[in-house]
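Single chain ahead, written as structure tokens, the form predicted on its own.
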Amino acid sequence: MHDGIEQELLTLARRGVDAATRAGAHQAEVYASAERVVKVGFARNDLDTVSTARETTLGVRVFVDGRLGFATTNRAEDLPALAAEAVQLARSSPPDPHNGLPEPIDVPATGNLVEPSLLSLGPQELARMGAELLAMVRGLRDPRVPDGQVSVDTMDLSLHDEARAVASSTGVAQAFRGALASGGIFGMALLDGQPGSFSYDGDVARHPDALWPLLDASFRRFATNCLGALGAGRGESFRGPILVPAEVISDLLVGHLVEALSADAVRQGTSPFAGRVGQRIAVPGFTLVEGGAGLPGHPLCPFDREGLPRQRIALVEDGVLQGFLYDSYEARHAGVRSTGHAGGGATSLPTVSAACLSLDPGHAPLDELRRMDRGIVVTRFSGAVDATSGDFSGVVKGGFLVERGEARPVQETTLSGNLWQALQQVSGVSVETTLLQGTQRYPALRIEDISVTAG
């Protein structure tokens, strides 16, 4: 994409707002995005696809007498007709007294997050890098099972160059451009033709010099998990501790906790934390922060889906609930101000979501947390959670049973318990943390008194 594309999108968004107003909207907003994606895909241990795609998308949100209308297109020339369509949709929608667009708030200037040298990454260089990473992964071995080899089901390397802009009739006018490169890998290890447990990993970089080291580290971690799960035996059933590494914390705990701390869950009565601000919900030392415009050293777009500044929010501090995440609708409903956590894009309406999260590190070395008399190391978790009660049950895949400090791989093992009680059962937090995808940084957690059932 060319220089200044974000300002062109902002001009286009303003034109869309004017068109919607002329069509009868009492309030109007246009969110515009343009993206160029260069992608190299590998499948079944070989190069599979090479593609370059460009797309511009526009979303028009309007209100007429508190009635909502929304329409989207990928054709800029359709914008006037799209604005009229959104107005027609609004007129046939039910009114809601909390509908409306936010007033503008100054957004701190961060500049565009584009490293020019990153934009020069093309299909050939990505394919070469991918081939080298694939060979590295395929060549790794575990001394415990030297005949085992990693088989890569899918792997991709991509360059994402994106510009976005949002304008509204209330005076919001924001534009931004950012670029990043990413890679992901998914597969398993084979021993005598028999597959072990699947695993996946990946990372992102905003500078080309950082891409190889980050992907090399994450792909090696992927291979270690795959190979380590080979030769798994039967586990044991007991009630005791589990060790949750940083890579698994979101799937097992934090992702569900953040959903429960979203204002829409509170309003809809599905959050168990309604009315509990200022109360202890986790052990001392448990501090969960939504990083707003990015974690330290990893900046994001400074404004949210509605063009409001992203705010850094301590959701839980030292175990005590501090507050919830709001977009403008939920803030209006609750009689507070938006925290700048409207997520979504040009193809969707804003919804409350977190952009980046971190858990404070603890004081225990990870090796010390692994020294359990009997416990489970959770390398991958797949299960179901009741969002209101917190009851959960799911399967650990590629996990390890630790007995008197010695770990061995075990077949699929079922964990069950209650997530909200687990927040009070954290017995250790590692001093080491892991940065994931540039948007999550977590330590490892040891959680006590979880029901473990052998597969």
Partner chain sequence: MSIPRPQGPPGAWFDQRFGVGPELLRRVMQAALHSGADDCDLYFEHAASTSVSLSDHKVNAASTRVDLGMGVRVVVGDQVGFAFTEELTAEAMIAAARTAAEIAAHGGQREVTGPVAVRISDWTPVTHPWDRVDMETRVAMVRGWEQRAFQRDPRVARVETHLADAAKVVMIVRPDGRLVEDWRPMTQGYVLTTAVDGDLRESSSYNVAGRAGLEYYDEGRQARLVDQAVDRTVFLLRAGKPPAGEMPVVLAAGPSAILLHEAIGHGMEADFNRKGTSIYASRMGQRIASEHVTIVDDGTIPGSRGAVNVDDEGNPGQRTTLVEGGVLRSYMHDEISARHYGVAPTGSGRRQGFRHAPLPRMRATVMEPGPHDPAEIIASVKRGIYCQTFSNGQVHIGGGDFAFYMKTGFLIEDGKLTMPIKDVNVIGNGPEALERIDMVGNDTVIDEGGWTCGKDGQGVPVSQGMPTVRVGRLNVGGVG
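As the structure is a prediction and not an experimental result, all values here were calculated from the model. Positions refer to the first chain, counted from 1.
The form predicted in complex with its partner chain is left out here; the points below concern that form.
Taking non-hydrogen atoms only, Gly269 approaches its partner chain to within 4.5 angstroms in the predicted bound form.
Using a 4.5 angstroms threshold between heavy atoms, Pro108 stays clear of its partner chain in the predicted bound form. Although the partner is absent from this view, Ser393 contacts its partner chain in the predicted bound form, with a non-hydrogen atom inside 4.5 angstroms. In the predicted bound form, its partner chain lies within 4.5 Å of some heavy atom of Thr414. Taking Pro146, Gly139, Pro284, Pro94 one by one, only a single residue has any non-hydrogen atom within 4.5 Å of its partner chain in the predicted bound form, and it is Pro94. The stretch from 425-433, 48-56, 403-411, 24-32 that comes within 4.5 Å of its partner chain in the predicted bound form, counting heavy atoms only, is 48-56. In the predicted bound form, Leu349 is the single residue of 348-380 with at least one heavy atom within 4.5 Å of its partner chain.
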